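Let's start with one chain on its own, the form predicted on its own, as structure tokens.
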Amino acid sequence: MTETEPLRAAMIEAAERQLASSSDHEIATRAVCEAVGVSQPVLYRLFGDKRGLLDAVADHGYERYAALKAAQERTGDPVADLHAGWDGHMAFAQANPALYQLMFTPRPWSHSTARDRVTDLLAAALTRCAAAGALKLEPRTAARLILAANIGTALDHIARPALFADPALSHRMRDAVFSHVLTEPPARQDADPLRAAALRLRAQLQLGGTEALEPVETALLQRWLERIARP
């Protein structure tokens, strides 16, 4: 840890507190500096500008989100875990509305990696589904579809809570998008059995690898399976 890390962390926490308490979900750099007891040039030195500070707050939010995901109980049923993950995502949004909006509302100037890293977490969960033969699509494609629906539902709930207070609405959206990406293992008879097998084998290789092949051979096999699994 560098000597500036504690100060950087304190400023991120002060900015997040201000973000949460602000009626318009904005921050003032002067107020952040006063809360920590430093001058504004210190903020510019550590974060570049206000945008850099907001990016740091968003990335810190990802660390909290990832910690909650890591604490979520993993069962032997990856599809059940996926359902629980949707609900956990909604709970995080409801508990941290200002932070959630910062993390997931598009900001053209942002360099935050929070959303991409959340996509990676979801793709890993979907790889488990694919390994069980329960996924119709390639994991990252399915992750993008699910996350777009999850984020849209959560943002609508934050913006218009009176219209989205019923949790059944969230579950209907979840079930609708899951029906497009999940399938009952084994794959349906009208599905392409070769493509389904390729999806499953590719996911199992990503999860556990194999000692039967050299790394270059494994990479080549992964490439072949990727091509077979394309819709």
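So that the term is clear: the rigid core is the largest set of C-alpha atoms that superpose within 1.5 Å between two forms. It should be emphasised that the depicted structure is a prediction, and the values quoted were computed from it without experimental measurement. Don't overthink the numbering: it's just position in the shown sequence, from 1.
Only in words, not in the display: the form predicted in complex with another copy of the chain, which the text now covers.
The closest heavy atom approach of Arg74 to another copy of the chain in the predicted bound form falls outside 4.5 Å.
Another copy of the chain in the predicted bound form is approached by Ala198, whose closest heavy atom lies within 4.5 angstroms of it.
For the chain shown alone, Leu194 is a contact residue for another copy of the chain in the predicted bound form, at least one non-hydrogen atom being within 4.5 angstroms.
At a distance threshold of 4.5 angstroms between non-hydrogen atoms, Glu217 is in contact with another copy of the chain in the predicted bound form. The listed set Arg30, Lys50, Arg64, His180 contains one residue whose heavy atoms approach another copy of the chain in the predicted bound form to within 4.5 Å, identified as His180. In terms of contact with another copy of the chain in the predicted bound form, the residue from Ala123, Ile158, Ala131, Met90 that brings a heavy atom within 4.5 Å is Ile158. Contact annotation for 123-151: residues with any non-hydrogen atom within 4.5 angstroms of another copy of the chain in the predicted bound form are Leu137, Thr141, Arg144, Leu145, Ala148, Ala149, listed in sequence order. Once you line up the core between the shown form and the other one, the Cα of Thr210 ends up 2 Å or more from where it was. Taking the rigid core as fixed, one finds a CA shift for Arg223 of 2 Å or more between the shown form and the other one. Relative to the superposed core, Leu199 undergoes a Cα shift of 2 Å or more between the shown form and the other one.
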